[in-house]
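For reference, the chain that follows is the form predicted alone, supplied as structure tokens.
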């Protein structure tokens, strides 16, 4: 058992070591930006996985908690003149304060009905942020000055102005994954799994399922709110359509979990990097390769195809999810041995 556990920890520790030294060897702002986004999605995906993957409560409301955390940071600057960095911890608190009463009311619903309730929460928060202009500035949005500036001759400037943000979100991502591991190895984790497997049986054993579902939602909402607070500090601008977006936040969180592996600790981490890189590959036309090929060949057909592909990331996401559900129902992490066996088998047949 100890040997097996040691093997299971090798890959995560190696990945963490790689992430720690990444800015030392890659100082390009573009690649650091992609890594920052991926690490942010590790947080959001891990939070969704705790609620949906381990507790069995599928949610479409991650955007509500993410946006609440982001607006907490923005409003602290606009109305109180506080540093937006206070918005990270307070964003987690306000997101949890939103999630707990919502869970108290809506956890009487099960299955698709609860999922629809979370969808409604997301839309309610988006409309509040849009309509309450005296507080949120409505569709104009909130803009703040980013905190970190790196002069060219400073040690940070030798790497990148994004380096501090990178290490902050790396710490937050590690904290999120560690929190999920700690929770699932505690008594709470056993309660969450019992609720996921059979809520009625859990209640017959004396488990207060309503209470523990609220705890799961509170932790997940807090982690998502932390990510929202970081997003406000990093991007420097938010509006209701961005941070309360159903597709860009809530659906993306679900895709991260499904692709990486629902109900696995490291599944959302793997899914986050896959989805961010795939989204960027579509947005940039294969990281610029399609445009370069179109320019090289001078073909109008290739140029038109490249322009269509850059806007087809939603279709690409759909195809990827269908393939994962069809051939890897447990996600990349859950079916990793099966995937490796398939790849090695094909390679050996070709050789």
Partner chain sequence: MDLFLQTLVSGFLKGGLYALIGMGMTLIMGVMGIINLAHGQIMMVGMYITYSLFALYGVDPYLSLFVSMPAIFVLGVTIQKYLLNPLLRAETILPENQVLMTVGVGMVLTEVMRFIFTSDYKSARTSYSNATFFLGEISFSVPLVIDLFIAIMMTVALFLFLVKTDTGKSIRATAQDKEAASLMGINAERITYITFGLGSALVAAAGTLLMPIFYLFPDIGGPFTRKAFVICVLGGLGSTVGAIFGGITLGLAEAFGATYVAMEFEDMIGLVMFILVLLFLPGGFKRITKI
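Bear in mind the structure is a predicted one, so any value in this text is a computation, not a measurement. Positions refer to the first chain, counted from 1.
The form predicted in complex with the partner chain exists for this protein as well; it is not shown, and the discussion that follows is about that form.
*Asks:* Can you pick the stretch from 76-84, 127-135, 220-228, 201-209 whose heavy atoms fall within 4.5 Å of the partner chain in the model of the complex?
*Replies:* One stretch meets the cut-off, namely 127-135.
*Asks:* Any chance 35, 88 and 283 all have a heavy atom within 4.5 Å of the partner chain in the model of the complex?
*Replies:* No.
*Asks:* State yes or no: in the model of the complex, is some non-hydrogen atom of residue 117 no more than 4.5 angstroms from a non-hydrogen atom of the partner chain?
*Replies:* Yes, contact at 4.5 Å.
*Asks:* Any chance residue 100 has a heavy atom within 4.5 Å of the partner chain in the model of the complex?
*Replies:* Output for residue 100 is no: heavy atoms all beyond 4.5 Å of the partner chain.
*Asks:* Should residue 258 be counted as a contact of the partner chain in the model of the complex, where contact means heavy atoms within 4.5 Å?
*Replies:* Within the cut-off, so yes.
*Asks:* Wondering, does residue 292 line up within 4.5 Å of the partner chain in the model of the complex on heavy atoms?
*Replies:* Outside the cut-off, so no.
*Asks:* Among the candidate residues 96, 276, 262, 172, which is the single one with a non-hydrogen atom no more than 4.5 Å from the partner chain in the model of the complex?
*Replies:* The residue in contact is 262.
*Asks:* Given that the partner chain is left out here, which of 181, 246, 215, 139 has a heavy atom within 4.5 Å of it in the model of the complex?
*Replies:* Contact check passes for 246.
*Asks:* Scan 55-92 and note down the residues that get a heavy atom within 4.5 Å of the partner chain in the model of the complex; none is a fine answer too.
*Replies:* Contacting residues: 58, 60.
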